[in-house]
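Quick heads-up: it's one chain on its own, the form predicted on its own, in structure tokens.
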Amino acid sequence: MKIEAKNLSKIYKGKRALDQISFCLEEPKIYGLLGKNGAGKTTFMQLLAGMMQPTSGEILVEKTNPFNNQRLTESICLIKEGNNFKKDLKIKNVLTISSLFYPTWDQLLALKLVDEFSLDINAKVKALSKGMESALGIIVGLASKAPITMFDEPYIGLDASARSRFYEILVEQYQEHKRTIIFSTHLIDEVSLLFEEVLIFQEGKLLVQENTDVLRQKCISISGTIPQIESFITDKMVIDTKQFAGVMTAVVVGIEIEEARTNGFTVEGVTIQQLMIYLTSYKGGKIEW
């Protein structure tokens, strides 16, 4: 399902959570939605889920506004960090209600995942630990098989083993049933290999939208003597530099790895998490990829 943001803005109590962002997600992929706290990620997902209206601009799914449109929101599932379900419901009630809402619901998968995460189907939501409640959210998100499925920090309270299993199941289900998955997380290093495309928000604006492989190729870290590096980066797009004991390291955008190696520099890749940190701290203006 095609998703379009057109000059999309949202203002809360005088503060711009989103500031005229425009982009398009045209095909089923696993998208990483990244940025610091307060960047506007959750606001965007709530707008896309039809939970509220923008202050200005448009959010469209298949050229239709999702707000107050059940036919459309049946195809969109948003799993938030917490408080996804009424506390007095039992797990089996949550699954039943979800099955009635999502036409693509997979009950066999839901029950399999209940066993996978060792949940008691008769337990009430209010009796669940934070990790168990997160597992329930993950189960609903995956079993919904909604054409647009969003996870906003969905793993709070899950240990590393459970998170790893979640990522494995997410990939398995995506390969079996392609859909648009939007994943917002601060544990970027854990999941960045899942992302096919990355969007980075900063202070309500879209900073970057790019294929993850392209990002890894276009941004590298080079190290050498201070005079060598300073001379080399004079006309380059540099988003970070550090110096220690006569050695300078620069994070550079848009140069070829072979070019850097030919100049005798030590070359290293930059992880998606590092890149997000560099970009959201960069004060040098627009970055040309």
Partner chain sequence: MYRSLDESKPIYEQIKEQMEDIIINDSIPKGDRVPSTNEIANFYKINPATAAKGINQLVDEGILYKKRGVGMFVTEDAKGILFQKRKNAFIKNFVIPLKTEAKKLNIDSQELLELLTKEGKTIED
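Numbering follows the first chain given and starts at 1. Predicted, not measured: the structure shown is a model, and the values here were computed from it.
Below, we refer to the form predicted in complex with its partner chain, which is not included among the displayed structures.
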property: In the predicted complex, the residue from D88, D115, D159, E168 that sits within 4.5 Å of its partner chain by heavy atoms; result: E168
property: Residue among Q217, Q209, T104, T96 with a heavy atom within 4.5 Å of its partner chain in the predicted complex; result: Q217
property: Which of 72-80, 187-195, 201-209, 142-150 sits within 4.5 Å of its partner chain in the predicted complex, heavy atom basis; result: 187-195
property: Triplet E172, G264 and T271 all within 4.5 Å of its partner chain in the predicted complex via a heavy atom; result: yes
property: Any non-hydrogen atom of E258 within 4.5 angstroms of its partner chain in the predicted complex; result: yes
property: Partner contact for N84 in the predicted complex: its partner chain, 4.5 angstroms, heavy atom; result: no
property: Contact of I30 with its partner chain in the predicted complex (heavy atom, 4.5 Å); result: yes
